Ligand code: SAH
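In structure tokens, the next block holds one chain alone, the form predicted on its own.
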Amino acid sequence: MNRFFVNDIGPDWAVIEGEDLKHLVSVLRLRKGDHVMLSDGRGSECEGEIEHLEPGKARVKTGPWRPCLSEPHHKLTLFQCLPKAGKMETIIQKGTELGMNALVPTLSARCVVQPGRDFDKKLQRYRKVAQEAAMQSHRGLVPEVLPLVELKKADLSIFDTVYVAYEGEKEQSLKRVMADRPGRRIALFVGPEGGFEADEVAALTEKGAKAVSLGPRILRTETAGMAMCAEILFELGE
């Protein structure tokens, strides 16, 4: 069943509008009486029936709202250092499919790409990618794509557990450190194409982060975060 995120919600109705309405009418060719799945973007969902289609909006009669079963209990936030052009959208898309809760674009020493004046426009595009991926993968919420942060200014205090993917770590695998079960709020740090500098990893571990190995092979930056998300949620049964 096709899924839409809605903000305009009443006691027994909701409104689909904007780009979603265009998709509903022009691509899916849904009509009055067709059924859709709705999400409030905060982890709840319900089934609804299209009651009215009019210029600018579709009114849907809603059933009872319930928690979305596709949402992980654990909340993963990926601090992704800026990759080369085109990769961030893939990271956001696949991270959303896997269950990521938020992504923070991060600037570190070895980032080849530097944020320009148009970065706010890129953020808008990234957020649209997250929403489209959330609809496709039947998520109950759209992962947040937060503003850019410098690595040294990243606030780790709001997380229960922080993992840093680091090719220089030879002993502690992600699987091994997860034997000490993480809390509900988990942060993941992935470096750019050139990886993290040793002093950057040291600064993060001084704040309480755990440097981890992702195995004997070196993963690309667009692969590492996805591998971490998948392994963590698998180990946690989600």
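Everything numeric here is computed off the predicted structure, so don't read it as measured data. Numbering starts at 1 and follows the sequence shown.
The same protein also has a form predicted in complex with S-adenosyl-L-homocysteine (SAH), omitted here; what follows describes it.
- In the predicted complex, at least one heavy atom of V212 sits within 4.5 Å of S-adenosyl-L-homocysteine (SAH).
- Residue contact check for E167: one or more of its heavy atoms lie within 4.5 Å of S-adenosyl-L-homocysteine (SAH) in the predicted complex.
- In the predicted complex, at least one heavy atom of A224 sits within 4.5 Å of S-adenosyl-L-homocysteine (SAH).
- Contact annotation: E193 falls within 4.5 Å of S-adenosyl-L-homocysteine (SAH) in the predicted complex, judged by heavy atom distances.
- Only one of the listed residues (L219, V15, V25, A230) places a non-hydrogen atom within 4.5 angstroms of S-adenosyl-L-homocysteine (SAH) in the predicted complex, and that residue is L219.
- Remark: of stretches 63-71, 195-203, 175-183, 29-37, the one touching S-adenosyl-L-homocysteine (SAH) in the predicted complex is 195-203 (heavy atom within 4.5 Å).
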